[in-house]
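First comes one chain, alone, set out as structure tokens in the form predicted on its own.
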Amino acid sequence: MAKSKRFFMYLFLSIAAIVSIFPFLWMVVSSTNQSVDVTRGRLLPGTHLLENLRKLLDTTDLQLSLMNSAKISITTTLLALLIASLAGYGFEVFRSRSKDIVFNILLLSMMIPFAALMIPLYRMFGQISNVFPWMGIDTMTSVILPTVTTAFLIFFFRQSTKMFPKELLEAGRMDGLSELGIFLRIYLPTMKTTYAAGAIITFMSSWNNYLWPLIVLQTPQTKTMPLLISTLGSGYAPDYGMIMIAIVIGTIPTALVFFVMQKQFVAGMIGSVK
């Protein structure tokens, strides 16, 4: 009975794994085929990988789009981790009568859909561009600032801080460290798994961000990878082989970040502190 139960469990998990990984495999295989083969649903590797890559490089400025996405994602991730960890640390460590009220209001903001904020944000950055052109429409700053931190990331850091040994804080204060010194020298190194998990979540979200960059980035020089891929698919006769190789290239950075930091990600998500 136990063996049959284990068999069906592994069978179910195997089917779920195949279903989950099939879109990725189909994407990779399709990048080696011609457009007509992709539309026909060919599932075997082809011989047109280099041809699709050459057409992509000739048709688009792939390097510029990759650099734009990298600059936005890396900057957003670093700023988001700094701001969210400081906020989560403050919400959990310091005592105040109103902090729980403020935190609950922050959590309620998660219920507001981004679609409801797009027009106010666009008007705000449009007005800012009259004073600070480097922060206005069609700049990387306009993409980074609205996504530099989220209520979820602050909530994530606060919940992880609950696992932080409070004895270390008291020891740091007794040694004469300032609160900033405690944060930089004790909290930050101890919470590295939480930072790793937050970095993966933020980097992936920023790299794959499509809607807001579509609204504020209006010139080819500022396009990110999702916008580049969207442009390739909006033609009268899309070249699906070229689109697939672009998607593969756009997926590589997020896949690398996840696989390099997957152990820290799992440890951070379960709330472990080292």
Partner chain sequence: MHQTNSKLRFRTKSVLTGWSFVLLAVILIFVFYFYPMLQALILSFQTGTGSNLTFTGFDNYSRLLSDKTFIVSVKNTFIYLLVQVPLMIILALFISVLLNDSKLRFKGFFRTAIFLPCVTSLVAYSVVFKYLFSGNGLVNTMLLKLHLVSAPIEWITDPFWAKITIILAITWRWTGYNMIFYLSALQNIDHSIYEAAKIDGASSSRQFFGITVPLLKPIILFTSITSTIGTLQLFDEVMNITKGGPGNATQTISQYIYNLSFKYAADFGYAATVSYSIVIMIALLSVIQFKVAGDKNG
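Positions refer to the first chain, counted from 1. Think of the rigid core as the biggest set of C-alphas that the two forms share within 1.5 Å after superposition. Everything numeric in this text was worked out from a predicted model, so none of it was measured.
The following text describes the form predicted together with its partner chain, which does not appear among the structures shown.
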Inset, instruction - With heavy atoms only and a cut-off of 4.5 Å, decide whether Pro120 touches its partner chain in the predicted bound form. - result: yes
Legend entry - Close approach of Val131 to its partner chain in the predicted bound form, 4.5 Å, heavy atom: no
Inset, instruction - Using the partner position in the predicted bound form, report whether Tyr89 sits within 4.5 Å of its partner chain, counting heavy atoms only. - result: yes
Inset, instruction - Spell out, yes or no, whether the shortest heavy atom distance between Pro45 and its partner chain in the predicted bound form is within 4.5 Å. - result: no
Inset, instruction - Work out which of Ala70, Leu64, Ile215, Leu57 lies within 4.5 Å of its partner chain in the predicted bound form, going by heavy atoms. - result: Ile215
Legend entry - Members of 228-255 lying within 4.5 angstroms of its partner chain, judged by heavy atom, in the predicted bound form: Ile229, Ser230, Leu232, Gly233, Ser234, Pro238, Tyr240, Ile243, Met244, Ile247, Thr251, Thr254, Ala255
Inset, instruction - Spell out whether the Cα of Leu11 moves at least 2 Å between this form and the one not shown when the two forms are superposed on their rigid core. - result: yes
